[in-house]
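Read the single chain below, which is given as structure tokens and is the form predicted on its own.
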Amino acid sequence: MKKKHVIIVGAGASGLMAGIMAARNGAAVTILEQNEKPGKKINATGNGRCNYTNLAMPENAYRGEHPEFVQEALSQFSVSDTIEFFKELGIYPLDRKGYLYPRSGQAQSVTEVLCMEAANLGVKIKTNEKVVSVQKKTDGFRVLTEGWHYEGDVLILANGSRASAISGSDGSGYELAKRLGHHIVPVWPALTALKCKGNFFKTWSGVRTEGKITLFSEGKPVVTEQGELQLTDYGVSGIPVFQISRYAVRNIKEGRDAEIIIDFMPELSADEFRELLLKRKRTCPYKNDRELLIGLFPEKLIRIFAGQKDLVRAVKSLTLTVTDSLSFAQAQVCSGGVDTREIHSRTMESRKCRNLYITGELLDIDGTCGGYNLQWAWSSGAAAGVHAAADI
């Protein structure tokens, strides 16, 4: 009996997973990768250490127009399945407060074991093959690259988003999906730093400090995050900023305002902080405002606060207007993508085009920091691979 031939566009996280699962379920698999090596984006994740999943799964881990879309794929290939899968391939997990990394400390280890397993299963990975168009045929697909063409029964689009400076992160998968009948939810940078309006950013540039940041739109709070903030010469960065960035960016691009309020001492209420300052003043009456803040904040921040009329307000509710984000190249992921209403959530098969499957970052799903985007790649890729290999 002739094997079903599955063609996968993209040898990233979801593409490699889809290829392995399709091959394990009896399909002949060809993966087309436009870079010279597979897994380049995997190798860059987690500053080269690869936070490949997370033991916690909070309700807000995934965002999109329909974030509930992720549930069926995550239940079919769960965090525990991911851990066991990679253990079998040789990745011993290092647990950092629920954030799992390979024990080697190298993201490249993850790519290598995936490629070894793919090779063992007979998966063909064709590098330097940029797909330029796809033709839907009665009995399958014809995939054209810059130098060749490939015929297959099933097509999986796994070629990622526009995020990252990695070569090939050009968003070409959106255009392929669009040509095959799919609607694309507008795509913007997410998990990225924010540019803000202000004339004092050079003063605080380089500071890292604990804080709580809240995004407001039309006077109403949208989302709040807390942790280490990184203050830059254009605005704000750091994990809490990354977590709220998708909402701030989409507000701006869709014509709504976006303001952030930063609390630089969230462990105390405004009244408690005011009392702390009064107590410090009583203890050391010779100190001015700047000197009262020494020991509480970095010197660069003190320069900002000391020039304000209301010291408590400056520390507890510094307000900034967001004007933009950094570019796609400087974002970890994108928000937006293929409308998930057009995809079967259990299989990742298109509702618009039979035997077309779409995975990972191409879909309108983005995760928060902490390994959630890679977990989505593993889960959606696994679902697509298993079901793509099933009998037509």
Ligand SMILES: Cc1cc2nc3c(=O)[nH]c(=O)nc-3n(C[C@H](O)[C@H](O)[C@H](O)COP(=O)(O)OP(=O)(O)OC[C@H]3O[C@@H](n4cnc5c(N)ncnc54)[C@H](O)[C@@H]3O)c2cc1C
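Given the structure is predicted, the values throughout are model-derived calculations rather than measurements. Start at 1 and count along the sequence shown; that's the residue number.
Just so you know, the form predicted together with the named molecule exists too; it's not on screen, but the next bit is about it.
With the partner omitted from this view, the residue of T30, Q34, S350, S325 that lies near the named molecule in the model of the complex is Q34 [heavy atom within 4.5 Å].
Checked against the named molecule in the model of the complex, the candidates R142, K124, K253, K130 yield a single residue with a heavy atom inside 4.5 Å, and that residue is K130. By the criterion of a heavy atom within 4.5 Å, T45 is counted among the residues contacting the named molecule in the model of the complex. Contact check for K41: a heavy atom falls within 4.5 Å of the named molecule in the model of the complex. A residue is said to contact a partner when one of its heavy atoms sits within 4.5 Å of a partner heavy atom; Q332 meets this definition for the named molecule in the model of the complex. Using a 4.5 angstroms threshold between heavy atoms, V9 counts as touching the named molecule in the model of the complex.
Residues placing heavy atoms within 4.5 Å of the named molecule in the model of the complex fall in a single listed stretch, namely 357-365, out of 64-72, 22-30, 342-350, 357-365.
Residues are counted as partner-facing when one of their heavy atoms sits within 4.5 Å of the named molecule in the model of the complex; in 11-31 these are A11, G12, A13, S14, G15, in sequence order.
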